[in-house]
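Coming up is one lone chain in C-alpha cells, specifically the form predicted alone.
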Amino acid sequence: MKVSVVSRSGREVVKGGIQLSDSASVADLQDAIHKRTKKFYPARQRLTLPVQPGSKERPTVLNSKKSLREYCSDNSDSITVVFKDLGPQVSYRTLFFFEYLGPLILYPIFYYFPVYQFFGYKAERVIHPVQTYAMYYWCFHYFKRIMETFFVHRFSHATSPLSNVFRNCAYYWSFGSYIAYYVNHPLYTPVGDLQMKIGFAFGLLCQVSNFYCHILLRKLRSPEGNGGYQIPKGFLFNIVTCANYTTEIYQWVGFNIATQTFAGYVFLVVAALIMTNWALAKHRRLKKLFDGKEGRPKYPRRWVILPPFL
C-alpha cells in the first residue's frame, strides 16, 4: 500500500510517500513517518483524511488502533493522509504532576517559614488553629490529586502539548501562592470556631465524594484509556452530569467558609467558571451522542454541574 503524507497546504511531508503492507495499521504509519522525519514522533502527529476545498465538514481523524485499509475507498492500493504537527508533547501524568506539585510545596512555605519578614512584618506571627487546619486541608487536597493522577485516572489521550505545562503551572502555582499569602498572613483574622468546623467538615465531605466520583469515572474506561463515551451512572452522577466538577467546586466553598479570604473566593469563582464551561460542553456532547435514536439510549434529564442553579 502506498501512502502519501501531505500537509494541509498540500505540500509533501514525506518525500516519495511511504510503502506499507496491506495489513498495516495507522500506528505502523505513524512509526514509519517518525523513522523518516525523526522529530515527528507518533504522539505529536495528527493524521486525517483529506476534505474537499471549501467543505465545512470536519476531517476524519485516523485512529491509531485501526487498520489503514479501513480508511481506503474501493479497495484502493493507495491513500493520501493529511499530516499536522501537534508540537512537543508530554504525558498527562507529567502535566498534572507538575501543576499540582507547585501548590503542594508553595502553601506550606508561607505557613512554616518567616516569609512575611520580606514584606515588612517583623513581629512574631501568631498561628491560629484555622491556619493550621487550612494548611492540612490544602495539602491533603493536592496530595490526593497527585495520587489520583498516577493510580486512578485513565486518560483518553496519552499526551498534551508541552505549552500546557507552563500555562497550567502558572495558574495553579500563582493561585496557590496568592491564597497561601493571605490565609497565613500575620494580620489574618480568623472566623468563628463553629463556622470553621462547618466549613472544613463540608469541604472534607466533598473531597471524599470527589474521590469516589473519580473511581466511578475510572470504571468507564479500559486500562488503555479507551472505551468511548458512556453515560456516567451511580452516586451523584444519577442527578448531575459532571458530579466530579460539582464536588470539586463545593469543596472549595467549604474551604472558603472556613478561611474567609478574598483571594480564596477569587480562586473559587475562576475555577467554577472554567469547570462550568467544561461541564456544559460535556453535557451537550453526551446529549448529542445519546439521543435515543437508532437504538441509542437517551441521555437522562440531569443537572449539568451546580444544582439547583445549572
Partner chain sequence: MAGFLSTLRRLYLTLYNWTLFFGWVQVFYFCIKQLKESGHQHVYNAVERPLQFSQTAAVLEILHGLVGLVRSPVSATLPQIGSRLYVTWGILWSFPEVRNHILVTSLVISWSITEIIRYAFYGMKETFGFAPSLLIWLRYSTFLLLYVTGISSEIGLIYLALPYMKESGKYSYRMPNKWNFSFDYFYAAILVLAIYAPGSPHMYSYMLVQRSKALSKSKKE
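In this text, all values refer to a predicted model and were calculated from it rather than measured experimentally. Numbering follows the first chain given and starts at 1.
This next part talks about the form predicted in complex with the partner chain, which is not shown.
Using a 4.5 angstroms threshold between heavy atoms, Y265 counts as touching the partner chain in the model of the complex. Contact check for L187: a heavy atom falls within 4.5 Å of the partner chain in the model of the complex. Using a 4.5 Å cutoff between non-hydrogen atoms, Y182 counts as a contact of the partner chain in the model of the complex. Though the partner is left out of this view, F151 does not reach within 4.5 Å of the partner chain in the model of the complex, counting heavy atoms only.
The stretch that touches the partner chain in the model of the complex, counting heavy atoms within 4.5 Å, is 257-265, out of 273-281, 257-265, 34-42, 65-73.
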